[in-house]
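Listed next as structure tokens is one chain, alone, in the form predicted on its own.
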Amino acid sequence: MSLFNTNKDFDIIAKLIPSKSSVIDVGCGDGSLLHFLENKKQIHGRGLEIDQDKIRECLSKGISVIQGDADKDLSDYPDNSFDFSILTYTLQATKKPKEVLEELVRISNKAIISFPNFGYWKIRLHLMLNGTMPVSDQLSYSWYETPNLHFCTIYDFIDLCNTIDIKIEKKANLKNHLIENFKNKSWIDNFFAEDGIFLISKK
């Protein structure tokens, strides 16, 4: 959740979710997103979080949450348990992102995925000019302490979805706050977008 710009990310996600939907937020952090969606869209939310301190913060907000690991515990949920699943800025930190995506579209009708785009031009430029991994507001850890295990670009994410028969329905742009139907790869997105935000479903 630390990568969130709540004014933009929360609003974009809220636009993708109809009122009164059932939602699971995987890696829900302190529950801020679920709390926002419960107030704005009257969703029926549940959180999955591995950090005990963050679970206590969720509970203090009245969020229904259980302790769990996205890499291990999604298999416990039956098919189509939720209308929507959400995985925000966590995919790159999972051990098995392919399996996690497959599980998300199994347990929910649709999933909202966001992740930092390592194809962003400022990251490319930093690597070219400095020869070191960048540290910024978006990537706030040094390489030796980062939780990120799988660095991917928007192109990489699209290719993975195609490989495992996941349909990308929509894409979102945080800069202009625009949601569009997904058509195909765009070098502009891959080069200029700091983040990837997609609505996906099982084909």
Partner chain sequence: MNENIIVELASKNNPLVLDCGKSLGPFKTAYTTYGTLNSDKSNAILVCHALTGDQYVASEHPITKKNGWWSLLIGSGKSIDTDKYFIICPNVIGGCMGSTGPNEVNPETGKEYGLSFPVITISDMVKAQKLLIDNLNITKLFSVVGGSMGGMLVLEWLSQFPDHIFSAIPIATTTSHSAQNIALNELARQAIMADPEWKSGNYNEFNTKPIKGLSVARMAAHISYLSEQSLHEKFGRNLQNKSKIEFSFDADFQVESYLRHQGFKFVDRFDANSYLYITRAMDYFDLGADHGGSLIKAFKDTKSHILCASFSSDWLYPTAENKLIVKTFNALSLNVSFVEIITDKGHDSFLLDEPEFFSTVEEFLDATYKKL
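None of these values were measured; they are calculated from a predicted model. Positions refer to the first chain, counted from 1.
A second form of this protein, the form predicted together with the partner chain, is not displayed here; the remarks below concern that form.
Chemist: Only one of 26-34, 169-177, 63-71, 156-164 has heavy atoms within 4.5 Å of the partner chain in the predicted complex; I'd like to know which.
Modeler: Selected range: 63-71.
Chemist: Spell out, yes or no, whether the shortest heavy atom distance between R56 and the partner chain in the predicted complex is within 4.5 Å.
Modeler: Answer yes; at least one heavy atom of R56 falls within 4.5 Å of the partner chain in the predicted complex.
Chemist: In the predicted complex, is there a heavy atom of the partner chain that lies within 4.5 Å of any heavy atom of N109, even though the partner is absent here?
Modeler: Taking the distances in the predicted complex, the answer for N109 is no, it never comes within 4.5 Å of the partner chain.
Chemist: With a 4.5 Å heavy atom cut-off, would you call G131 a contact of the partner chain in the predicted complex?
Modeler: Contact check for G131: no, nothing within 4.5 Å of the partner chain in the predicted complex.
Chemist: Taking the partner chain as it sits in the predicted complex, is Y77 near enough to touch it, meaning that at least one heavy atom pair lies within 4.5 angstroms?
Modeler: Result yes; Y77 sits at the interface with the partner chain in the predicted complex.
Chemist: Counting only heavy atoms, which residues in 79-97 are within 4.5 Å of the partner chain in the predicted complex?
Modeler: The one in contact is S81.
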